[in-house]
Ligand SMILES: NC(=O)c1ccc[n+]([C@@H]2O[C@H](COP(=O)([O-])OP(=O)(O)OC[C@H]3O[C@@H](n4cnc5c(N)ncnc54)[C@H](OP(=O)(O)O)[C@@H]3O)[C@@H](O)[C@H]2O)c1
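So this first bit is one chain, no partners, the form predicted on its own, shown in structure tokens.
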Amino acid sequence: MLRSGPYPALPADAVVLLTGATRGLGLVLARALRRDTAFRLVLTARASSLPRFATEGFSDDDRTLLLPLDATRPGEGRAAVAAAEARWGRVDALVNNAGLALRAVVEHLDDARFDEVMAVNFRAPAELIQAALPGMRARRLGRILTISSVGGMMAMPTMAAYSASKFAIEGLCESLWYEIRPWGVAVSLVEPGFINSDSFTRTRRTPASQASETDPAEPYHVHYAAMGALIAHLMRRTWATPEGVAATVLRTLRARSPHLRVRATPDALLFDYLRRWLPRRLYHHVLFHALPEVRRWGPASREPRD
């Protein structure tokens, strides 16, 4: 686990840019930053979601700048960083939170939806990082924190594109950790597992995955039905909350020697230990046989091969 420091501490009035701030973890984190710190906040969301800020009690003022940012449109991330720098002269911390989940086996992916997932979960955070880095390097101070997922350390069946996007952003941030460390800029990936929320109800499908999920005659129907039920059950029953993950993000922002990877929920710690300590073949064997109703997947269950 990569760790270094100490890094320069953020100033009390640090400018923090947070994406995806109108719902879910992003909204909880925006509230916590507003309540528990003196930071100045740049909160972004799609233009169609901006009215939610007023509903949640946020408005443009001396501590808050509200901006539209559509992660699927190249250039909007750079524009958001430029607007923050025009208002307050700098961005001290970037929190890449906006994300998109897609439920589809590899065979059911289509180009449009795959590209959308990669745009939101990978290319948009990369663009924001590129835009914020020059100022951070010049000041020799900064924090770049990206909300990843257990799906960035281990792949989940029926969530191939989501896992691919999270693996990609983890690789980029790990490279960045080495590259930017000499300038005193800390890079962290916060990896939550299942969080008690209804976010699973917003998971998107491709036309093929939607058809297979609803038609028992389809070859992958059991995959979707079993995994969907498991995910819904775990997200309703887990003790991990958005508030707990938000507290982890705040601690990471304030830490003088933050980890590169921060496990944010108990199940993330469990899966990390399994991945690190079990032999690879045994690891995949255990996870395969733990899949729900796996004996009904396809013509017959088989041992995975490395």
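Numbers for residues come from their place in the sequence shown, where the first is 1. Fair warning: this is a prediction, and the values are worked out from it, not measured in the lab.
Only in words, not in the display: the form predicted in complex with the named molecule, which the text now covers.
In plain terms, the part of the chain that comes close to the named molecule in the model of the complex, with a heavy atom within 4.5 Å, is 47-55 out of 271-279, 32-40, 47-55, 246-254.
Using a 4.5 Å cutoff between non-hydrogen atoms, residue 206 does not count as a contact of the named molecule in the model of the complex. Contact check for residue 23: a heavy atom falls within 4.5 Å of the named molecule in the model of the complex. When contacts are judged by a 4.5 Å heavy atom cut-off, residue 175 does not count as touching the named molecule in the model of the complex. Taking the partner from the other structure, the named molecule in the model of the complex has a heavy atom within 4.5 Å of a heavy atom of residue 72. When contacts are defined as a non-hydrogen atom within 4.5 Å, all of 149, 162 and 235 contact the named molecule in the model of the complex. Only one of 81, 195, 102, 129 lies close to the named molecule in the model of the complex, with a heavy atom inside 4.5 Å, and it is 195.
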